[in-house]
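Starting off, we have a lone chain in the form predicted alone, written out as structure tokens.
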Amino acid sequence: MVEKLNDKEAICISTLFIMGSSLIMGISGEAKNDAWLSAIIGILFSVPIILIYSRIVSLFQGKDLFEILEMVFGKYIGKFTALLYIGYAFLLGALVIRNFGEFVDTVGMPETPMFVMNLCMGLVCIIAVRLGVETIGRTCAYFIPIVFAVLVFIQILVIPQINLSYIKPMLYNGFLPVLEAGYFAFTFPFAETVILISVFFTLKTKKSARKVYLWGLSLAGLTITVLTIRNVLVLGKSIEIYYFPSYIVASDISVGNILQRLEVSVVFVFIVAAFVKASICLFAVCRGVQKLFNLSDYKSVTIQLGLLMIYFSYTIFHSIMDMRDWIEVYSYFAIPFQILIPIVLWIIAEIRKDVIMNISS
């Protein structure tokens, strides 16, 4: 049976995928009190590349990323490029699981081995992928109103802590650091939506791709920007020293003796977003392996690849400092996957789309 996503489910997947780890880890902390400007720049950088992703999906309706690569680049180059994207999706999924493990280990359960936390998250992702992308879509549509309700609730309660002077002076160190941080925000998390090309073959119409991508970028981008402004107004320039700024902000909320320890709600939001992102990455890996080795069903390798992803998430870094340092390296490592290959793929597809579609049919 062919899996299908309606536009609402796909928008929910796109939104939660983008929000992913960035909800709790924050973005553009290097820009200090100008981090919110960097978030906006990251969104603006993302619009052209997002339109390219959506155009690729529209040109090859019903085809996933790995099928498209082989159709456009040919059998051998296409399979090699598909292998690279499998590796990229595998790494990204492992990073999300590790982010979750580090978060729980740092703020909640330091005496519990991190591998236990990674295993719990990974097993839930394995189950979700085996149930199929339709199930993930329906889960996202169910949880996203709760996620936004929690975020709005926290946003209202944090108002007494806000200090408007923290946002000044703007551009104290010049525009270049803000621009650089904006590029980092572009690569993490906005341009990571290239992975969604391996999922959106399930969309029902050609017009859906642009709508889904732009709505997902708008909702997630607005949310991340608002949360970044809030974190700056509460933490000021010290935002860069915290590993999990959103958690720190929520943990300081106290309304008499009635409302306290509200950081638990932030943990819930992070778990949902991280689960969606890691599940989509695992789905992409399984789908890629299926196409690469001509398997009958991607679900046959879900458990094996999921367990490998869990193990890799545990061994990839030695400490939270290593994980944080990787972000700068990642911004350049991701260039071929997020920018170069998609642009080349799109140009060739536009020039030779009639020939390519005739060959595929």
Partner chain sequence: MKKTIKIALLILLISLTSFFSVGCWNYREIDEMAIVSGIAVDKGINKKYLVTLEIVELTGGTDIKQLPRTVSTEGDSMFDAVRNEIAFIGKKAYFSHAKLVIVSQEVAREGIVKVIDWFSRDTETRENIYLLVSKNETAKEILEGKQITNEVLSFQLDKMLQNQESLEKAPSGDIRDFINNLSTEWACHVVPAISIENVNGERRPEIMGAAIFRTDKFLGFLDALDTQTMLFIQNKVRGGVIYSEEKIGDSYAILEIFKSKTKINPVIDVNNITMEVNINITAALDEVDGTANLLEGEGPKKLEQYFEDMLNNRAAKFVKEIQTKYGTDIFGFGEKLYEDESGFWKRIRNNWDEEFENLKVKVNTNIKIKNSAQLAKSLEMGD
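Here the structure is a predicted model, which is why all the values come from computation and not from measurement. Numbering follows the first chain given and starts at 1.
Beyond the structure shown, there is the form predicted in complex with the partner chain, which is absent from this document and is the topic of what follows.
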| item | value |
| --- | --- |
| Heavy atom distance at most 4.5 Å to the partner chain in the model of the complex, all of 107, 110 and 263 | yes |
| Which of 89-97, 275-283, 162-170, 143-151 lines the interface with the partner chain in the model of the complex (heavy atom within 4.5 Å) | 162-170 |
| Listed residue that, although the partner chain is not shown, lies within 4.5 Å of it in the model of the complex (heavy atoms), from 123, 84, 116, 222 | 116 |
| Contact residue in the model of the complex, from 196, 235, 72, 133 (heavy atom within 4.5 Å of the partner chain) | 235 |
| 4.5 Å heavy atom contact, residue 248 to the partner chain in the model of the complex | yes |
| Contact of residue 183 with the partner chain in the model of the complex (heavy atom, 4.5 Å) | no |
| The partner chain contact in the model of the complex: residue 176, any heavy atom under 4.5 Å | no |
| Proximity of residue 33 to the partner chain in the model of the complex, heavy atoms at 4.5 Å | yes |
